[in-house]
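Given as structure tokens, the chain that follows is alone and in the form predicted alone.
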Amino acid sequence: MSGSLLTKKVTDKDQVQGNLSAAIELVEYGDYQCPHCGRAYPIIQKIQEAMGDKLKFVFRNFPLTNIHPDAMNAAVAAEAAGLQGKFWEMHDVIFEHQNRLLEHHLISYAEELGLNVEQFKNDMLSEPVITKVEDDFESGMRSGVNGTPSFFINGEKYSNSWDYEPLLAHLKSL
């Protein structure tokens, strides 16, 4: 462990999946265009399945725009979808189509998910949605995130392997 602590407590503004009162909280700071985050995506799904209601998973946006030019738009799209109750569906679609993150792709995904597309487009440009992504990024910076994916378990930075077996073994040991 590096000793870094999560500076922002999980709140109702976070995107949370799983048992809200679970004893184990896994927070990921991720970038939708990051190939490592793309590799982590199915691992985290398997971890969630294996841990069941013992795990609360939180995804926070950490778009590395200097190396991933489409990451910010993808993060904003996921948050905009969240305003229509479809954050996790958009999150999944984006990770499953990581090489197709231009605006017209994101709008197409919104259509496929049955979102109100005009509302989605407006929300992508709205200050609250953009601020949410920026706030996630800032909380990551304050917590010591310097790359993606970065994981925190129960508030402490997890610096070991996030491959399936070692991460699952660590979580089960808590």
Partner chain sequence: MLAIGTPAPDFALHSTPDQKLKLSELRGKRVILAFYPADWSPVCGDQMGLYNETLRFFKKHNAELLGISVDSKWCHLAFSQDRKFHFPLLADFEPKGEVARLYDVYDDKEGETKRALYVIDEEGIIRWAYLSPVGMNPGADGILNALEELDNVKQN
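No experiment lies behind these values; they were computed from the predicted model shown. Positions refer to the first chain, counted from 1.
The form predicted together with the partner chain is left out here; the points below concern that form.
(message) If contact means a heavy atom within 4.5 Å, which one of 22 to 30, 110 to 118, 135 to 143, 49 to 57 is the stretch that engages the partner chain in the predicted bound form?
(response) Selected range: 135 to 143.
(message) Does any part of N66 reach within 4.5 Å of the partner chain in the predicted bound form? Heavy atoms only, please.
(response) Close contact exists here: in the predicted bound form, N66 approaches the partner chain to within 4.5 Å, heavy atoms only.
(message) Even though the partner isn't displayed, in the predicted bound form is C34 close enough to the partner chain, meaning a heavy atom within 4.5 Å?
(response) So C34 counts as contacting the partner chain.
(message) Does any part of P42 reach within 4.5 Å of the partner chain in the predicted bound form? Heavy atoms only, please.
(response) Looking in the predicted bound form, residue contacts with the partner chain do not include P42, since no heavy atom lies within 4.5 Å.
(request) Look up in the predicted bound form whether G147 has a non-hydrogen atom within 4.5 angstroms of the partner chain, and give yes or no. (result) G147: yes, in contact with the partner chain in the predicted bound form.
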